[in-house]
Structure formats: structure tokens, C-alpha cells
Ligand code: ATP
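We begin with a single chain expressed as C-alpha cells, specifically the form predicted on its own.
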Amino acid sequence: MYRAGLNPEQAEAVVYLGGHLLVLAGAGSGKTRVLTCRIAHLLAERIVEPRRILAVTFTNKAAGEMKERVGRLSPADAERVRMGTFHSICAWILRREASSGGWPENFSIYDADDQKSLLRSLLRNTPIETKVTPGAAQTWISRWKNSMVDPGKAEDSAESDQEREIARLYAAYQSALRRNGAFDFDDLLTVVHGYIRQETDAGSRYSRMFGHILVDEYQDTNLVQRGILKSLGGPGSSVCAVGDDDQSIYGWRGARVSNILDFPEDFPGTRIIRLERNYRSTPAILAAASSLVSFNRGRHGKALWTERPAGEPVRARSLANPEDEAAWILKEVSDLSSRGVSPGRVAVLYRTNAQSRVFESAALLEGIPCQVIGSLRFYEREEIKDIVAWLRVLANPGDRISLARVLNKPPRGIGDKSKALFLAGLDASGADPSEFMKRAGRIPGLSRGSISSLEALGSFLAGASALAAGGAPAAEVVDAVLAGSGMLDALDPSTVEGSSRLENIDEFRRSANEYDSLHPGSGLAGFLTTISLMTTSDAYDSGADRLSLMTLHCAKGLEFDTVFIAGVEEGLIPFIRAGRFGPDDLEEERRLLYVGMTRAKDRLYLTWAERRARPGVTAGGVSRFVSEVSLDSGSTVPAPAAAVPDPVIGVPDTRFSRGNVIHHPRYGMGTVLKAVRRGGEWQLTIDFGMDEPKTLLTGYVPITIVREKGGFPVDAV
């Protein structure tokens, strides 16, 4: 039953039991089906007990879909298979090992906003001589953690005063997390990695626990995840990794394409199976995308093919500016709708979140409903974060960040001074927050109003804590928080804002009820773990009949009948950052565009603006990547790779003009904004993607013209 309809390569990947396995699954090649059928095969043939199978995905949505599919194929055993994201599996291990590891079992998991709040608090109380923002510190700390660099090593390797100060802040941040009984997302991985490597008994126990380990999207793993997999996949374990090196697009957050390239070295004796038949896209789309990614060197070779008819040609379009680009795309969406193509099957993809605004405005003018994926997520809304903060305090009384957030929300007369006095006294006492609140009258300096409010909160918190500790369903605890915190009374349902927030709260209550029905007996701790690990892509509603607007990163793993990729411009795709752009970055940007192109089933459009305002510069112009797109299979992208002119170097034969894409040996790729002849030299004003364009004279270093202005005729559609 589970093998019905599999092609030969898929079937081989499903039944192979000769050792470790790497499945190189091209875009649209049915990798999810292979994974679920492989699990079903292990269960049906009784090759291993269900509890000894571990399946790891990268999003909660993917884990849920896999569990549902396996459940349909093998309903009796599916619930006993351990499935989840790397982060949820690590959270499960941390809770199991809490007593021996020395951290609270009901630890909090801090999201990006919580991390910034903690860093902001530390920055207020830490002498920092250089300018450091919470966001910058968060980025540095995450980068160090993903590279397995602890605070001491970070300070030793720092190359500037600012880096050294951030490294010291990193140490203070880790200490503060421990005081709050909390882990951030990166900690979930790094703490488990360190624990199972240092505690040899624990490491051996977990490596023996799973006989078969399956990992999806292996190209997106970072150094820590690679180490965890090597530790879990010990002697006697079979590791099956599925992924596509051509879709590795998360280097900026620590992912390493080298992990999938080096998998056979990490797991000797690996069998490699390639899934090259594409079930999604037309030949025209595949030819265009495959031509583009073939320019990358760091990849396993594969040749995607399909039995689908050729389909519509890929179309490219140049527009004057972003507003014209958005208007043209939404007019096309409207025309497609009149031809029976539902807006719900169409997506507009772009490189940065900031690009969504003009498309939202254009959709409004055209009367086309849309959903923006990657904007403010449901669990990031203020009222939802307030409920979650109270729930965290109930589960983990040591969580000061969450307690500080809601102590005076809604306003109950506990001002900043009273809040600071209370929190300082609480830390000094070591008491439970509810008990200390009941004794608020003993805290020097508090006003009568603050004392009264704190005592009332203490009674509410004690009752809700007892409810949670008693194993009550998550929805029951949520209702207790809503009733006792005063949140509902503070919202006016007659106003638009109040009504909207009440609707969000009702939706949150529904999510708690749904969790209880799916996970009976898991209670508050399980519910908190689940919602703490939600990702942006989990918010995509495939059933909504609305045009989807999202970044290229958010689109990974999704598919649409029609895809528009906007802003295919030099400096935007590829996204060039000052001082941080090398060959590896260029290859990742090329893979990102490839991912976007392969989301399309029937129609693909590439558009760009000739002029786009950016901080300090007005630039635009077609990306170098468009010249790497093939004309095969009827595509009307007017730029086969063979048509790119050979590089032209130097003076006097070289003639520069506005719009040339050039290469400078120090600054990299750039676009000529102005070219003036100065005797035997040229004075060039060039946008290198930095804050300001640079004015340079030729004749000192070789400045290479990579492509003449435009580089090809524009599709006149």
C-alpha cells in the first residue's frame, strides 16, 4: 500500500537498509512522500520498534504533516514514533535530563523579543563604551552559539573593542538566562549538544535509544545540529538524511551547505540516491531554474526532469520603479483571476520584508485580498504575548522577564519604581512570586495602591499555579489567567482595537483546546513548548483564497500555480551587504532565487525595477542572475548564459556607461550610476550596495565590466 505509485528511485530510498543513506531530493521530487513511506516500511515490516524511530523536520507544520501521513499509512504505530523539529526534540531531552543537568524542568523558552528585552535590561546596567543595540548583540550571540563558541572563546577571538564588549555581554546574558530558568532557541541545541558529549552515559543512552534516524531538509542544518546527529547516530543506528544542497539558503543563521556535501564522510558507507524526477513544475520552469543553479560550484550534481507538458514560457519584465512593478504584477494577478486562476494559488515573492508594502497597496487598489506571510505573527501580538507571559510565570516562577512584562498589564497602579522595588525584593528573598506578592506590605517604599494590587495578584497567581501544577488541561489554565489577570475587563469590545484583540484571545483559547484534544495529559508545559517553537512558515494558510505575499526565505517548502519574483535586481537579488559579500554568499543568493523559481507549478514571472530608492542611493537594474537563466523549453527569459559578453578590462579601449555591472577587486560587484571621461581615464560613481556610492578613477586597479547596461532586450509584454 505505502509503495504504490513510487518511482524506482523513490522505492529504492524507501526500502534501502544497507546502512546510512543520503537522499538528494531535487525540488518537487516527492521527498516528503519518501520519508513517510520509509517510516511506514520500517513499521510494516517490523524492522524496528516504533519507539526506536526518530524523525526530525525543520518546522512544526512539516512535523504535523508527516505525523498525519504516517498515521494514515500505519495508524496503530504512528503515535509511538518520535517526530518533531530539532528544537522540539532537544527541548524534550532537556526536560528529561533537567534534574541531572541542573536546570528547571519547566524552563521558559525565550523568543527573539524576550531575548531583546533581556539584553536591553543588561545594556542599561552594563558599562558599554561602544554603541551596541540589543538587536546587534542578539545577532552576534546567535552567530557565536551556532558556531559553538562560548563567551570565553568569543572574547579571546574578538577583533575589535565592540566585539570584546559584546562577548562580555554574552557572558552576562547567559548568566541572566540561567537566573530566569530560561533557554533561548539556540540554547536548546547547544546545551543538548554539550550535555550528550560531556555526559558520556547520557550520550550513550540516547545513541542507543534510536535505531533509525530520519532527518528532513538536511541542507539547512548548522554545525551544532550536525554534531547532535553524529552523537545520536552511534553504532547500530542507521541515519537517513534527505535534502537538496541547491536549496541551502540559511547560511545567515548558521546553516552550512557543507553538512550535506560532507555527509558521506560523517557517516561512512553512505549510499547516495538521487531523486531527479520533478512532479511540480513545467519543463520551461525547470530549464530556467536548473540553468541558474548550474553556475554554483559547491553542489552535488543532479538533473531534474518532468513528464509534464512544456507549459507557458517563463516571462521577464522590466519596470521603471517599484510602484510600477507592483501595479503591473497585481494587474497580471487580476487578469489571471478573470481566466479562472484563484488568487489563493498565486504568490509574489521578494527578497526583503520591506518590499511587501507596495504590493499590499497595489492589491488594495485592484481589490484582490492578500495575506502577508512573515509580518507580525499571531504569537507576537501584544495581547497573546501577555497571556503567554503569565503562563510562563505559572510554569516557571523564576522567569523574571515574563513577570516584569505583565506585572502592571493591564495597568493596576504598579509604576516603574514600585515594579523595580518589588522585583529587587523578590530576587533577594528567593521566595515564590505569589507568596512574595501576598507579603507586599512588608516591602519598603511601596504605595498603598501598589501593595493592594500586588496582594490581589498574589491570590490570583497562587490559585492559577496550583491549577497548573495539578496537571489541569492547558485551556483551563488559560481561562484562569484570563479571568484573574484582568485582561478581558481592560478591553472594550465596542472599539475596533478591543474587538480585534478579543478575537485574537478567543483564537488563542481555541488553540489551547485543540492542543488538549491532540495531547491529552500534556498540560501547560507541553502547550508552552509547542507555541514557543512556532515558526513564520507555520502561519501560512494554504486554504485561504488570498494572494500570498512573502519573502523568498518564507516560501521554501511551499508551492503555487503561479509565482512572481519581484525585485530581481543587482544588489537586491543577490542581496549585497557592505564588507560581507564573497563567493559563498553569491552562491547562497543564487540558491535563494532557485528556491523561489521552483515554487512555481505552471507560471513563473521575473520582474525588476530600473530605479529603486535605497538608503543614501537610488539604484536598480537587472540582476546578473537573469543572464544565467536558460532559454530552453520555450522560456522567454531573453538572456541565455551564452549571450553574456566576455569581461572587458581597463582603459583606453573600455567604454563605461550608466547601468554597467562591474567588478572591483576590493569592493566586489557594483552598478555604474555615472561615468565621465577624464582624459585617458574614467571617473565612475558606483553603487556597491553600501550606504553611499563610491567615486573611483580607473587606471589604478582593473575594473571589469561584467555586463553591459541591461545585458539583453527586455521582454515586451
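Just so we're on the same page, rigid core means the largest C-alpha set that superposes within 1.5 Å between forms. Just so we're clear, the structure is a prediction, and the values are computed from it rather than from any experiment. Heads up: residue numbers just count along the shown sequence, starting at 1.
Here the subject shifts to the form predicted together with the named molecule, a form of this protein not shown in this document.
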| query | finding |
| --- | --- |
| Partner contact for residue 32 in the predicted bound form: the named molecule, 4.5 angstroms, heavy atom | yes |
| Any non-hydrogen atom of residue 247 within 4.5 angstroms of the named molecule in the predicted bound form | yes |
| Partner proximity in the predicted bound form: residue 10 to the named molecule, non-hydrogen atom cutoff 4.5 Å | yes |
| Distance check, residue 279 to the named molecule in the predicted bound form, heavy atom within 4.5 Å | yes |
| Contact residue in the predicted bound form, chosen from 662, 42, 56, 27 - any heavy atom within 4.5 Å of the named molecule | 27 |
| Answer option from 399, 325, 570, 217, heavy atom within 4.5 Å of the named molecule in the predicted bound form | 217 |
| Interface segment, criterion being heavy atoms within 4.5 Å of the named molecule in the predicted bound form, picked from 58 to 66, 45 to 53, 32 to 40, 670 to 678 | 32 to 40 |
| Partner contacts for 506 to 520, taking the named molecule in the predicted bound form and a 4.5 Å heavy atom cut-off | none |
| Rigid core fit then residue 557 CA moved by 2 Å or more between this form and the one not shown | yes |
| Core fit, then residue 168 C-alpha moves 2 Å or more between this form and the one not shown | no |
| Shift of residue 226 between this form and the one not shown at or above 2 Å (CA, core fit) | no |
